[in-house]
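Below sits a lone chain in structure tokens, taken as the form predicted alone.
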């Protein structure tokens, strides 16, 4: 058995619950990243000042408070599964409660980066195992027997020799009086009974029956509702406001101008919608008014810039290309895209003389509190943040703009207010996945070996649009990766699997082009590169070669790679957020157009906690990746977004979702995260399959803008072809 030697730090104290029972304080500060979640639990104690805790009530209910927001990543189910496994609990009596923001008690209350389970895996196991050990001790003392004669299962301690048993609830008070042990053995993976199984999401019933869980459901007696009129174009500011007609609408209580916004406040949603339509706001220029055509010109100019930032350089790139037998070049481009969660932005704020109350859906409650503190000059300790369930985030709710808007408005009108964004507000008000263009170049020797590799990324408010240490870095002797950035008034931010959501498509498509030029099978070509990285690495290797090889071989086997007639198969593999996912897409031609029939996915995310949740995360990532690669784009005209609702902003439809098969590598390591890693490889697998089926190489997204989807003959794309 493995052990965790942090119990003294992890379990701060034990205490008798006011209702009786055992409580173990869990020190989340001793871990590395992020946990989560929601739901009321009978027998849960509160207000006792613990960082986070496991409680066992006298009725046998087991409760764990969890600091981080739930936005559909399934930690509401996975977290208690981990505790229940080590505790040998009755799963039906395990519940989790969402903790409010408390930076003194919790570390990094953030949901993002696929980090929840990796962060809390050992801590939660230790919590369950320690509680089980203390319950066994209590039972052994009660019976006057040796501890090693006792076993546990389904919420009971059993004396193996006599068959006597006691429920955890019956033992909780006695266990609370025992000292917390220093080192507690954890289960061997082979003894897991719950972890790795398919378990239904514990919130399914509440969600499907419409239980108020989300920010838009939140109600507080006495609150008013508000919407903002924001500038219609990036790079503009308010010139004048005529609000007379809006103020005359029945039910309107305030029309307030603050910053670059005009707020309409009232007693009903319909009243504020109607009043906002009657506002007459004039705007004037306050910066560059950029159009999509401007961005296209910028990309072409900046790709040839002499002011690029070098991200990584290995070997002698100039010589490798000047002496190459063949050089392959290609460029790939993606548009801005919106987050478009099902629940638009919203937040409740009540600014009082004695403090500020904030309630709503946020991925970063700590950042929200800090932003409000700075805005209103209110000490953070006087601001409370409660988290509702999030109706989607995908990175948008890492931002705090909608929270500070609500707080500032409440401070002005001196009333509790719930700010609501419309769908149009949500889609046109930022922040977006940055638009990016990549230029790839590969140098091949006479034997078809890639001896040189160059990548330049040009991004619009993207930060660093490359991931310079990802594959194939380390596998190519001469390599140069650099980037150029354009600062724009258009606001951007993290979008699910930031940067890699498109970079993976571009990179994996280009590697297929290089494999074609080298006359090698795409999978064989990649495996050869990975073997070179393993046996003769160049520079730093910051990805796990064996894990990438493992998913590659698994998906090739499961998809019957290269054996299907009449089917174009495309391959892609990518590493992001600590995990590895390889995919194969099957595409057929129907009525002259490519149709995605099936996608196979092999994932290495370490130990799978909940097989059902893991499958959903992979399938959801694939659907998201496919939909946005195929259909979605946001364009601009003089700074104004041209798509503002689902009628003009295309998302994937249910009938367009292909069959998906998921497989997981069981490599015995701890969980490494799964919320984002399945999305990046999808575009590359599908794009490469479309090429195999049609001969048409896709280099820009969305794919539906390509000629092959618009009734034009299929054929090899002549732009940026191999040189």
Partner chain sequence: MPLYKLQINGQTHEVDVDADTPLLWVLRDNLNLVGTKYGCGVAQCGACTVHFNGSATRSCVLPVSAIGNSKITTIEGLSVNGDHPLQQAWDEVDVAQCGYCQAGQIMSAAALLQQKPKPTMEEIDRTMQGNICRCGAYHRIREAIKLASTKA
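Note that this is a predicted model, so its numbers are computed, not measured. Positions refer to the first chain, counted from 1.
FYI, the form predicted in complex with the partner chain isn't displayed, but the following is about it.
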| said: Under a 4.5 angstroms heavy atom criterion, identify the one residue in 543, 321, 121, 421 near the partner chain in the predicted complex. | reply: 421
| Since exactly one of 270, 91, 192, 143 fits, which has a heavy atom within 4.5 Å of the partner chain in the predicted complex? | 270
| field | All of 54, 132 and 170 within 4.5 Å of the partner chain in the predicted complex, heavy atom check | value | no
| query | Does any heavy atom of residue 492 come within 4.5 Å of a heavy atom of the partner chain in the predicted complex? | reply | no
| request: Indicate whether the partner chain has at least one heavy atom within 4.5 Å of a heavy atom of residue 399 in the predicted complex. | output: no
| query | Looking at the partner-bound form in the predicted complex, is residue 244 within 4.5 Å of the partner chain by any heavy atom? | reply | no
| task | May I ask you to state whether residue 615 is within 4.5 Å of the partner chain in the predicted complex, using heavy atom distances? | result | yes
| said: Taking 4.5 angstroms as the heavy atom distance cut-off, pick the stretch from 527 to 535, 112 to 120, 388 to 396, 299 to 307 that is near the partner chain in the predicted complex. | reply: 388 to 396
| field | Contact set, 184 to 218 vs the partner chain in the predicted complex - heavy atom within 4.5 angstroms | value | 199, 200, 201, 204, 205, 207, 208, 209, 210, 211, 212, 214, 216, 217
